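In the block that follows, a single chain appears as structure tokens, in the form predicted on its own.
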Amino acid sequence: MINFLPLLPLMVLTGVILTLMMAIAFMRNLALSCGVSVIGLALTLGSIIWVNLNLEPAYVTPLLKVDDFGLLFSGIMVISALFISLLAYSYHKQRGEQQDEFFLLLLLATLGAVTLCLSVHFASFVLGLELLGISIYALISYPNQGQFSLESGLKYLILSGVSSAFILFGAGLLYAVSGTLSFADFAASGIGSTDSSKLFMLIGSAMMLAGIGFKLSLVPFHMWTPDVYEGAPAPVAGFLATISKGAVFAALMRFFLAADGYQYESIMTGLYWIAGLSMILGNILALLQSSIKRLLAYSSIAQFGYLMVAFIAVSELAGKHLAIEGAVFFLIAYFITTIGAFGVVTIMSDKAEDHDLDNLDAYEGLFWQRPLLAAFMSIMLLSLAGIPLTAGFIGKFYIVASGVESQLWYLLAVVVIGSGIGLFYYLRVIYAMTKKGLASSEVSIPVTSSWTMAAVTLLLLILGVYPAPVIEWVSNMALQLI
């Protein structure tokens, strides 16, 4: 008999989605929809903690595995969705009534992300990926603010569809030579034992990595990122930069660890070049941007380039534990920081009628008009740059340490150069906020958004000053994977 109790987080989140759907059908009220979403996400987080403390790691059918790795990433996704929901409330409140479906789509996308985190089979992987992707198509063009959002939604729809096709065809080729769709069974299937099967394996793996590279917006699959981020509503851009990418990365790491993908030198060489190019191009192109959202888009490309250094370092047995620990902690720090940065853009854009207020000129003088908001933004940017006393510094230190342990000297040189370039364009935004400029005096900080930003900033600083409890939690999880 199958024990479905480990799936309690998924069942709770699904129940919340159905409850919200019924609530919207009977009474359209944005505050009610936001409240149901926040309470539901809090209950989901509570169920994740309960399962982690009371149940042993277990397979629920061959499709899903509920273990510390999946629960940790699921918790990160749920907490991030909770923060984004709170930030999105005032943003949509200013855009009139009939905005309730936004929270329904957000919960559906989060359900897809959690499914990805628990997936150990290509069937559940594709199910989670498509549930996440289809919800995001609607979120990007919701609400209809004009041509920018519709154009971004259409671009993401077409390119994401192509990338999903690549992933499916690649998985089909891997199935043809291995006879299995289970991640763990790939390692024991004798895949690559003959020349023909090795060729199919390489082609299938390359197609899958191309599709996943699009989802993670890694170079050279990054070209959609700045346009989509710029046109999407600010809370959705924050969702895209964090939950959407993080869930795919979790599934990728689980697949490589379970299937022993690190044994294939040609695949690792490709990832090596992808990581290096992502760091270089992401940072250089961010220098040219005058839009905060486009700058954060290119910054996210560079940040995932840094993350791939730790991912590649897992291939070295001696530094495997440190690399897994470093990748997860860096991702946590990146999530907090990026949600905070897009949170400031969301608050600035609350009263924008057509396009989000993300031009750098609009932020000039913000320190003199809204010093608290400028302080929030400055702390987030300094964390992205890896300045001490922020979570971003600890995360970047982990990346460097894992690279040193695995002797990835060329990638480490790129990390150092990229970090120097990144510091320049982050400081450029901070400098603009200190100018005696004309930042809009109409910008107000709603109560929900102010408390949410305060919580995010406090969490960022606590992890920068006292990261030991989170490090211990992540370290114990990493020990179970090696």
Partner chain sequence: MSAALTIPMEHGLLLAAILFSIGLLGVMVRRNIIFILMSLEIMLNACAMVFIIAGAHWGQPDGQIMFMLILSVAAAEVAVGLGLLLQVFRRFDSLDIDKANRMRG
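Numbering follows the first chain given and starts at 1. Everything quoted here is computed from the prediction, not taken from an experiment.
The same protein also has a form predicted in complex with its partner chain, omitted here; what follows describes it.
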property: All of V126, Y137 and F169 with a heavy atom within 4.5 Å of its partner chain in the model of the complex; result: yes
property: F335 within 4.5 Å of its partner chain in the model of the complex, heavy atoms; result: no
property: Contact test in the model of the complex: G204 vs its partner chain, heavy atoms, 4.5 Å; result: no
property: Contact test in the model of the complex: E230 vs its partner chain, heavy atoms, 4.5 Å; result: yes
property: Close approach of L360 to its partner chain in the model of the complex, 4.5 Å, heavy atom; result: no
property: Options 83 to 91, 152 to 160, 265 to 273, 69 to 77; stretch whose heavy atom lies within 4.5 Å of its partner chain in the model of the complex; result: 152 to 160
property: The single option of V177, I312, L111, I212 touching its partner chain in the model of the complex, heavy atom within 4.5 Å; result: V177
property: Proximity to its partner chain in the model of the complex, single hit among Y306, F103, F239, F122 (heavy atom within 4.5 Å); result: F122
property: Within 260 to 290, the residues that have a heavy atom no more than 4.5 Å from its partner chain in the model of the complex; result: Q289, S290
